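Just one chain is shown here, as structure tokens, and it is the form predicted on its own.
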């Protein structure tokens, strides 16, 4: 997996009450009342090409769509249950329309699938979390449910073209390697996350930024623009662009991919505040993208002045210093004894070349001796012009 920036989409019946994607359980709704939302779901303003163009303009190269969330409602033309998008007033396969848009614009398509299913009569799994609103817990039959899952996976991975990744959600704590074997048989190039019925291919930290400078395994982090919900919430509290950009910068400098989520409204449009955040982040991402994708860890460590946390990565002989929490001053000094000579430094945020000063620093060795230490200082960094952005400096060496 090349580390990439992607758009996560949580969309389903839960967009109508506009509270939370798990409103059925968290709001303690009656099943019949919730499932009746199907007869009101009519996203007449849904424009999948607009979604894809927005993602592309933000520097994103893939899109992950929630085909079925915990409520069990299916957002594609499935033959396994009537509880699906084709039986709504809209009556069209929204996944097919989205897949066509992705393929038209060269956007990779990934699919999300929830293991918990609060609608299916046999889906209750005592070993798993997120089971508290199962419709028929007394009818649990995991063999029957897994057969249902396999039939749906076959539809999803047969009818919608090439699929980039498969995102299982909520580990079932049941091992059945035959399920991911089916996934790979249907889509030989697919990558699978670690929340399914075996270990899969990649890790999925959620709403967090792990410590360290490099992920030990293939990783895709995910976060939502909203603090409270992944689906559309009318009274959402939004993360700052600064917080999200800092998270994206560190995760991707560590070698991970990053899925940033929005929840479309019931009519199919992206909330204005969500779109504004994506566009703000996209302007930064497009300026710094060369330092975020397909880099390697720096071959050496660097001692820098100021103590600001940073990650150094390399690509094509250029070192990129990611200051994911910004900088405290207008200069960065390279303090290593054996530092190579930097011949050019560019602040990717602005594209401007920064001056480099070479000098010596006096350092007391003992009471009678003064040693002089060589240093290079990258100066005149316009830190106050980018108070919300992680700063990325590209350094070329002589």
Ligand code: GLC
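Numbering follows the first chain given and starts at 1. Bear in mind the structure is a predicted one, so any value in this text is a computation, not a measurement.
This protein has a second form, the form predicted in complex with this ligand, left out of what is shown; the following refers to that one.
Report whether all of 21, 70 and 167 sit within 4.5 Å of this ligand in the predicted complex, measuring from non-hydrogen atoms.
Every residue of the spot touches this ligand in the predicted complex.
Just one stretch in 168 to 176, 266 to 274, 85 to 93, 302 to 310 has heavy atoms within 4.5 Å of this ligand in the predicted complex, so which one is it?
Heavy atoms within 4.5 Å of this ligand in the predicted complex occur in 168 to 176.
Tell me, which of 120, 250, 195, 233 has a heavy atom within 4.5 angstroms of this ligand in the predicted complex?
Looking at 120, 250, 195, 233 one by one, just 195 meets the 4.5 Å heavy-atom criterion.
Contacting member of 103, 130, 214, 242, with respect to this ligand in the predicted complex [4.5 Å, heavy atom]:
For this set of options, the contacting one is 130.
Under a 4.5 Å heavy atom criterion, is residue 206 part of the interface with this ligand in the predicted complex?
Judged by the heavy-atom cut-off of 4.5 Å, residue 206 is in contact with this ligand in the predicted complex.
Hey, in the predicted complex, is residue 112 touching this ligand, heavy atoms inside 4.5 Å?
Residue 112: yes, in contact with this ligand in the predicted complex.
Residue contact check: residue 191 to this ligand in the predicted complex, 4.5 Å heavy atom
No, residue 191 stays farther than 4.5 Å from this ligand in the predicted complex.
With a 4.5 Å heavy atom cut-off, would you call residue 146 a contact of this ligand in the predicted complex?
Because no heavy atom of residue 146 falls inside 4.5 Å of this ligand in the predicted complex, the answer is no.
Suppose contact means any heavy atom within 4.5 Å; which members of 208 to 222 contact this ligand in the predicted complex?
Going through 208 to 222 in order - heavy atoms within 4.5 Å of this ligand in the predicted complex - there is one hit, 222.
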